[in-house]
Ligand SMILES: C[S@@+](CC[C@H](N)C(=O)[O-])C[C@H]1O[C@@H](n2cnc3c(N)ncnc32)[C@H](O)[C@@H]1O
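This document opens with one chain alone, in structure tokens, the form predicted on its own.
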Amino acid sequence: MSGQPMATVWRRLAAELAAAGLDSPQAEARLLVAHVMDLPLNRLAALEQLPDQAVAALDRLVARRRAGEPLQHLTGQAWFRTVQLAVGPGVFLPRPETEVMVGWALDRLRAQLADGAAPIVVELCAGSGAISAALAAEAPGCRQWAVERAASALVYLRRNLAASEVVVVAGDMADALPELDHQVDLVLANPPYVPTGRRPDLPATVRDFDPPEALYAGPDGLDASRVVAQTAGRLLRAGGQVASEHDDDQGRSVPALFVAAGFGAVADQVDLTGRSRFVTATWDGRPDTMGAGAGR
């Protein structure tokens, strides 16, 4: 069987990715080789030759990547904290920025678990299930639910949570899980938050490949966040907490929604780059006021 030297092919692929302006061409080339050869990255050093059919497959993948298709769509995988997720067209790709919010949640859940509690956790707008999967892996012992309404995302959500005890709920977050009203310890969400008018400003990798229902949330980008605030107020017990991601220019508008919905201890939190990224709040126990709106 004929083949080509691994080092030669890898350098060529990395050069082609670099010419397309990609930030990490060498790392991406390694990931693509590992994907095509079905090998872990730590085994690539021992790979001397690539079969011609593998080189042809790599050339096709690199052409798609240079055209803007996300690397995760090419490999069908994405990492989020300690978990590997199945992803692809039709589901929002998890972002590193969201990992900070999950770290905030883990700190609180671990404290409750250490006290012997079994916290009830609900993820709204669950998408791929990245948040729920990370919590299940890093804070076992919680009772978890994940809510998603998009059929295309539910395929990945169910696959990524199949090995866990997280309960997947297909439906709109606005009226999901009435049986848990006033019982939940923690609500988490990464809702759509891009104003519809900003679509032309988004990078092509986001605009053309992430599903629109996971991105856009009305003219001001707050439609889904309004529903998160109302739904969290319905679900949470007195003293329960919520964390919800938002755009970096919504550090005032989104917290204001939670104040208006009756939450206390409302605070805006930053990500690892120092940008405003998610709101946290505590439910004060007042009667909830369900509102209308769109979920994800």
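Note that the structure is a prediction, hence the values are computed from the model and not measured. The first residue of the shown sequence is 1; numbering continues from there.
There is another form of the same protein, the form predicted in complex with the ligand; it is not shown, and what comes next is about it.
| request: Please pick, from Leu161, Ala153, Leu222, Val184, the one residue with any non-hydrogen atom lying within 4.5 angstroms of the ligand in the predicted complex. | output: Contact with the ligand in the predicted complex is made by Ala153 alone.
| message | Can you tell me which of 104-112, 136-144, 71-79, 122-130 lies within 4.5 Å of the ligand in the predicted complex, counting heavy atoms only? | response | Careful reading of the contacts points to 122-130.
| said: Is it the case that Thr98, even though its partner is missing from this view, gets within 4.5 Å of the ligand in the predicted complex, heavy atoms only? | reply: Yes, Thr98 is a contact residue.
| field | is_contact(Val166, the ligand) in the predicted complex, heavy atom dist at most 4.5 Å | value | Answer no; every heavy atom of Val166 is more than 4.5 Å from the ligand in the predicted complex.
| Wondering, does Gly171 line up within 4.5 Å of the ligand in the predicted complex on heavy atoms? | Close contact exists here: in the predicted complex, Gly171 approaches the ligand to within 4.5 Å, heavy atoms only.
| 4.5 angstroms heavy atom contact with the ligand in the predicted complex for Arg207 | Result no; Arg207 lies far from the ligand in the predicted complex.
| request: Note that the ligand is not shown here; using its position in the predicted complex, name the residues of 178-200 with a heavy atom within 4.5 Å of it, in sequence order. | output: Residues within 4.5 Å: Asn190, Pro191, Pro192.
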